[in-house]
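Shown here is one chain on its own, the form predicted alone, set out as structure tokens.
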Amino acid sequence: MSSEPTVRRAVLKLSGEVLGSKSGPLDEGALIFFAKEIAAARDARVELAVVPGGGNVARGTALPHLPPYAGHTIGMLSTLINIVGLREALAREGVPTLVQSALPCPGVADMIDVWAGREALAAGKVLLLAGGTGSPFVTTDTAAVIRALALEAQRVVKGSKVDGVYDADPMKNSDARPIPQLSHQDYLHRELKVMDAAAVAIAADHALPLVVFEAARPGALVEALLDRTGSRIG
């Protein structure tokens, strides 16, 4: 098997939860770790865009005392906080970045611009994409798939707390069995939960492969791009 990824361009959907710890929502060690993982993917000659979740800061669905629109907006803004942290960590690793957001923040992030994003990726920059889709009631999983299609990426890799897709929740069921590979349709038919169904449905329409892997294991990102770890959907 080749030691180099076969994908030229990919989108990393990074769960916000992996960026936090008991010490706070933005753990220094986690930021440094993921900056090194992203740098390693770039060194492997993969053009990488990153779409973070925001669950370590604020999850819109966990704010029932606010109107849903407000809660989801707070969740989208939380991803911008994560992007600022990742940008600084990547700068320490000498990795150039371009930050864009579906919710633009002058001086921090430009508005999403697909053409500028493609140019940045081709120039060797890591593209950091905040704000989800910019619309409430849409997950960052779906944002990652939409961005991948717009950027002409060949794959979405989802860095999660679990090491792949299981037939049941492995956090709740010790008998849960891993599923190394399945089709988009099979994933949807089984009503599995590790990745949002809307995201998988859109990926199915465009034959876009998805890989779910354990984000916090050293070297796992490059291995996911090599099809050596995690579960593949599609």
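One rule holds for the numbers: they count along the sequence shown, beginning at 1. Note that the structure is a prediction, hence the values are computed from the model and not measured.
The protein also exists as the form predicted together with a small molecule; that form is not presented, and the subsequent description refers to it.
- None of 76, 109, 89, 81 but one reaches within 4.5 angstroms of the small molecule in the model of the complex through a heavy atom, and that residue is 76.
- This chain is displayed without the small molecule, yet in the model of the complex the stretch 67-75 from 93-101, 67-75, 148-156, 111-119 comes within 4.5 Å of it by heavy atoms.
- Looking at residue 138, you'd find a heavy atom of it within 4.5 angstroms of the small molecule in the model of the complex.
- Within this chain, residue 59 lines the site of the small molecule in the model of the complex, having a heavy atom no more than 4.5 Å away.
- Put simply, residue 214 is far from the small molecule in the model of the complex: not one heavy atom of it is within 4.5 Å.
- In the model of the complex, the small molecule sits within 4.5 Å of a heavy atom belonging to residue 17.
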